[in-house]
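Shown below, as structure tokens, is a lone chain in the form predicted on its own; questions about how it binds or moves come after it.
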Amino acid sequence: MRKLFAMLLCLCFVLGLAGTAYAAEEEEPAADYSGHTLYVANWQAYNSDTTYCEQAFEDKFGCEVEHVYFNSYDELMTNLQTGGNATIDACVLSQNYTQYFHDQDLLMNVDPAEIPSYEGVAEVYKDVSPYAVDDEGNVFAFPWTSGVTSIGYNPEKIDREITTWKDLLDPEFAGHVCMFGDYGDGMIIAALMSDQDPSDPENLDLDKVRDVLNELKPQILSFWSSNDEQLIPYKSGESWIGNMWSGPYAQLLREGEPVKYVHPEEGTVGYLDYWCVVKGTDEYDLACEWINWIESYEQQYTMATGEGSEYTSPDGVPYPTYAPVNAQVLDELNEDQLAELGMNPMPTKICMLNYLTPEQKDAWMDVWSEFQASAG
């Protein structure tokens, strides 16, 4: 299933979704939610807290939106399990976590008819089982953005071409490698660096992974979990290279910072991120409006291009951009926009974030946590 999903993701990008039928979006008067506050959980600076998304939604519905930021999905799960579900109404999850949250009874099933914008989502992303649909066909996660985590580096600090994850081990880069702190991306990268297939976790030799991570330790400057934690050391010149989402890469590019983005030859990390309604919310209707908003053509177009909205960045900093899931937007992107999103050229191999058994997840996290605690 994971390999098929990765193949479909590649085909979706490469073929441009030709022939997809688009659902017409009819503008209806927005309901008035004055006096209501919607609490949404996401990574800091991951698109939904931009003015064209958050403020525009507030203005349209008369409500307030409050962001609850987290540094890992496990932190979010603990928050929800210990009472956070009384305040958090909707949250972002990557496909390697949606099942965990659903199995813990933390997410609500939602009739897609309550999310009209779902009709405009490319078919390849819809009803993906078991990541978004349970055995009874109930939908509990709605696709929002997809993309890859590849290598971003500063060509003014590194005067040679980077082609492989193993380049992170170059002694010249010691103390200048900045990595995403999540174990999912990190362990996939370490598996690739140890010449293994991360899509086969049952047969992954964790001792080989641990050996590679031990080699990587002296290279580490810091671990990031937010946009600022990644971009501030990069702009200061402390961070030269590391794994990077396409969004921060696009932002650096738009700001005129020296940056190159490459898909390593061994493969790169792929993800599909969803929005979900949290079980226990007392703002179910407003949470559905939020997901409908964030999946709409209007929002998806601006998310992919940084254009098309009257809500400009308040500090003048260009918006980061992320790959959309709306079929029409995907078809409308030109070659330069696709390149900015890390989709032109495409990776030769995409390794999707894994859903692991609880035992496998614990084992992966133990190895990664040991590495994080002793690196940098």
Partner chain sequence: MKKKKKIQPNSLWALPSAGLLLLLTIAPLAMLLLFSFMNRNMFAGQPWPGWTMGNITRMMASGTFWDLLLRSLRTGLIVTVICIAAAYPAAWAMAKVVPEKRRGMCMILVILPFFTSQLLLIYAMMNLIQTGGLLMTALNAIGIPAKSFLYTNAATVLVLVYEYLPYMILCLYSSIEGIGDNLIHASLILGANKVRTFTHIVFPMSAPGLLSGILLVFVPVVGSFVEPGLVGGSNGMMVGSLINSQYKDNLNMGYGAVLSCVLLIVLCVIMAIISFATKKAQQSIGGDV
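Residue numbers count along the first chain shown, from 1. For clarity, every value in this text was computed on a predicted model and none was experimentally measured.
We do not show the form predicted together with its partner chain, though everything after this point is about it.
Q: Exactly one stretch in 70-78, 144-152, 288-296, 257-265 has heavy atoms within 4.5 Å of its partner chain in the predicted bound form; which is it?
A: Of the options, only 70-78 has residues within 4.5 Å of the partner.
Q: Taking 4.5 angstroms as the cut-off for heavy atoms, does L221 touch its partner chain in the predicted bound form?
A: Taking the distances in the predicted bound form, the answer for L221 is yes, it comes within 4.5 Å of its partner chain.
Q: Going by a heavy atom distance of 4.5 Å, is Y183 a contact of its partner chain in the predicted bound form?
A: The answer is yes: Y183 has a heavy atom within 4.5 Å of its partner chain.
Q: Indicate whether its partner chain has at least one heavy atom within 4.5 Å of a heavy atom of P248 in the predicted bound form.
A: No, P248 is distant from the partner.
Q: Using the partner position in the predicted bound form, report whether Y100 sits within 4.5 Å of its partner chain, counting heavy atoms only.
A: Close contact exists here: in the predicted bound form, Y100 approaches its partner chain to within 4.5 Å, heavy atoms only.
Q: Can you pick the one in P233, G280, P201, G306 that has a heavy atom within 4.5 Å of its partner chain in the predicted bound form?
A: So the residue touching its partner chain in the predicted bound form, by this definition, is P233.
Q: For the heavy atom contacts within 4.5 Å of its partner chain in the predicted bound form, list the residues of 349-369 involved, in sequence order.
A: The stretch touches the partner through P358, K361, D362, M365, D366, S369.
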